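Single chain ahead, written as structure tokens, the form predicted on its own.
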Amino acid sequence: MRGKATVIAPANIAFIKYWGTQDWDRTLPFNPSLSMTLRECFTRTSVEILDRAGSDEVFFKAHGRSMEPASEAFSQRVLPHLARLRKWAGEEVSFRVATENSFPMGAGMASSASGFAALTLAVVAALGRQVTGEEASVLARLSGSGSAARSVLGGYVKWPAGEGPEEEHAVQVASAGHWDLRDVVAVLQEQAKEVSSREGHERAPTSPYFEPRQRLLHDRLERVRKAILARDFSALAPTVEEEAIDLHLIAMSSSPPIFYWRPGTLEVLAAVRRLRQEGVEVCATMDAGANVHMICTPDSEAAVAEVVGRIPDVSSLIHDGVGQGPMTVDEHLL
């Protein structure tokens, strides 16, 4: 039904990272990425169609607060995407948008991915349109958040699907039901990071290690893909950690350098290495931020949480896991 729609879209954690954008107009990366869609870290967005041409309205609900008009900085990211979707739909309408997150925003936990996936799908639904997963992936990507291309799908997702223009969307590698992996997130930083992911993407090619990583990525992605299909944690873990370290190596060696890690990040990484040496099935990865995602099997989740939860710099733990992807709900924010 046309008029109002609410969508919950999850964040994702990349095992093979998107770091570096070669075409900002189309939000296309230098290399393909592969991620696990989450289920507990999500954005809920409601969109209401206003049958008039005029200004769009954007509201945001921060944790523990009531719904308020969004800040100018937040609106400046949302409004261009609304204009883009309006042009795509060929509709002379305006939108009222309200959104909230279940997890810290701007702290390197893919809040842009979940946010723009939810916004895109909610606008499409409010307009009474239907799109394929491929179309939704392209529309979400054009927001400027490439990772949003992956958050429109559940399970394990690769983006782009291939090399040509007709394959610039994401594709599911395996469903959520294929392999029940968990993600225990060690939260070390809740506030927005000082250097945005967009700025990091722009600086990435200035690193002397950028090109060597590009040469390694095809084989690395294939190792991760095969490990997922085979449900082989011993093959997955070292490759995921190798890739995470490379992303931050490039960030730290870009010009100017970017240091996302905090002292607690190193403590968590050391704890994960000790746990794996003791036979616990766990590995660590980080996106562009200080927080650490600890990917583990269900039998290992409790042990990981117990050990890492005692680290003083860890303010909280988020227990997450592989999810089914976005869903439309009836509980509106407007």
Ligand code: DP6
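All figures in this text were calculated on a predicted structure; none of them were measured in a lab. Numbers for residues come from their place in the sequence shown, where the first is 1.
Missing here is the form predicted in complex with this ligand; even so, the following discussion is about that form.
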Contact flag, residue 146 vs this ligand in the predicted complex, heavy atom cut 4.5 Å: yes
Residue contact check: residue 231 to this ligand in the predicted complex, 4.5 Å heavy atom: no
Close approach of residue 201 to this ligand in the predicted complex, 4.5 Å, heavy atom: yes
Contact label in the predicted complex: residue 254 to this ligand, heavy atom within 4.5 Å: no
Per-stretch contact check against this ligand in the predicted complex, the hit in 284-292, 40-48, 302-310, 261-269 (non-hydrogen atom, 4.5 angstroms): 284-292
Residue among 237, 82, 247, 126 with a heavy atom within 4.5 Å of this ligand in the predicted complex: 247
Answer option from 101, 207, 189, 197, heavy atom within 4.5 Å of this ligand in the predicted complex: 197
